[in-house]
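One chain comes next, on its own, written as C-alpha cells: the form predicted alone.
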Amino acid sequence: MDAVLQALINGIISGTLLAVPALGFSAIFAVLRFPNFAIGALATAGAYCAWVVNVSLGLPIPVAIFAAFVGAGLAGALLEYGALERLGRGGALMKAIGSLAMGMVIENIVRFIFGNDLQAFDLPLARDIVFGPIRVGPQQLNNLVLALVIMAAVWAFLSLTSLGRSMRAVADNPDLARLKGVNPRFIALVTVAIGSGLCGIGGTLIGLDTAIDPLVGGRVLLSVFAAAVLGGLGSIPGAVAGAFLIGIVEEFTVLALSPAYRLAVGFIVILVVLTVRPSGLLGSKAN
C-alpha cells in the first residue's frame, strides 16, 4: 500500500511536469493545426537559457524560469516564421516533418555550444520531506507549486484577457475571427511564442528535478505528445488531464515492470482510451 501511495504522489508530480509543455503543444496545435515536434528541442533550449542565467550569471531560479520562457518563446517564433511557415504550402504533414528536422538542428546546436555533459542548476542540498510512508524531495514540491501556478496563469490569460480570447476565437474558427477584426497571423505568432515559452519552462522544471543535457527535452517529447493526444489534440484542459493520467500510469508501471516499459504502457492506455473516445478525454475536434 505504501508503494502504491508513493507511486501516486510521484505520478502526480510527473504529471505536472508534463502538463506545462503539453499546454504549449496543444495551444500551438489548436491555432496552427499541425503537431510541432520541435517542442522537445525548444524545451531543451529553454532549460539551457535558464541554466546560463542561474549558474553563469548567478541569478535566482524565478529569474531563470522567466529567461527560459523568453528564450524558448523567441526561438519558437523565429523557427515558425523563419522556416516552418514556408513549409505550410505543403500541408500539415510537411510542417510536422519540418519541425522534427528543425528540432534535431536545435539539439545539435545546443550540443555544439554546451557539450554532452550533464549540467545541474545551482540548488541548495536539502533532505527529503517525510509524510508518514511518503517521501518527497523539496525541489519536487517546488516544481509542483510552480507548475500549478503556471497552469493557473495560462487559464487566467486565456479566459480573462482580450488577447487570450482572440487566441481561442482563432482556434475555434479563424475565418469568423477575421471577420470580427482579429488578425489570425498575429495571433498565431503570439500563440507560437507562448506555447514555445511554456515548453521552455517545462524543460527547466525537468532540469531542476534532475539535470539537463542536450536531449532533456527529446526524452519527454513522446510523453508530452501522448498527453496531448490522450486529452484531445487542441484541448487545453485535456492536455492537463492527459498529462496527469500519463504521469500516474507511467509511475504505476514501474511497480510491476521494468522502467523501460513506462512509455509503452502509456501508449497502450492511449490506444484503449481512443478506442472508446476517438477525440480524446476532453477533445471535440481532434484530427
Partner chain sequence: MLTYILFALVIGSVYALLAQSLMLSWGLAGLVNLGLAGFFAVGAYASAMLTTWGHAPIPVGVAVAMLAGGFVGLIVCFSTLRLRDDYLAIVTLGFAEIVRLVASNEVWLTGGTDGISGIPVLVPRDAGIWFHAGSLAIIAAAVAVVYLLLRRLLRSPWGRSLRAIREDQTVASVAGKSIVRFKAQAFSLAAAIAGLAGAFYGHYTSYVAPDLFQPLITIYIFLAVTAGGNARPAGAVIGAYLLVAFLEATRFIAELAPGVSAVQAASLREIVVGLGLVLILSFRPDGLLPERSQKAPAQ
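Numbering follows the first chain given and starts at 1. Under this definition, the rigid core comprises the largest set of C-alpha atoms superposing within 1.5 Å between the forms. It should be emphasised that the depicted structure is a prediction, and the values quoted were computed from it without experimental measurement.
What comes next is about the form predicted in complex with its partner chain, which does not appear here.
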property: Among the candidates Arg135, Arg111, Arg165, Arg178, the residue which, in the model of the complex, approaches its partner chain to within 4.5 Å (heavy atoms); result: Arg111
property: Residue among Ala126, Val130, Leu160, Leu93 with a heavy atom within 4.5 Å of its partner chain in the model of the complex; result: Leu93
property: Heavy atom contact within 4.5 Å of its partner chain in the model of the complex, the stretch among 141-149, 100-108, 193-201, 170-178; result: 100-108
property: Complete contact of Leu87, Ala260 and Ala264 with its partner chain in the model of the complex (any heavy atom, 4.5 Å); result: yes
property: Close approach of Leu233 to its partner chain in the model of the complex, 4.5 Å, heavy atom; result: yes
property: Interface membership of Leu222, its partner chain in the model of the complex, 4.5 Å heavy atom rule; result: yes
property: Distance check, Val229 to its partner chain in the model of the complex, heavy atom within 4.5 Å; result: yes
property: Contact label in the model of the complex: Ile9 to its partner chain, heavy atom within 4.5 Å; result: no
property: Those residues of 30-58 which, in the model of the complex, come within 4.5 Å of its partner chain by heavy atom; result: Arg33, Pro35, Phe37
property: Is_shifted Ile9 between the shown form and the other one (CA, 2 Å cut-off, rigid core); result: no
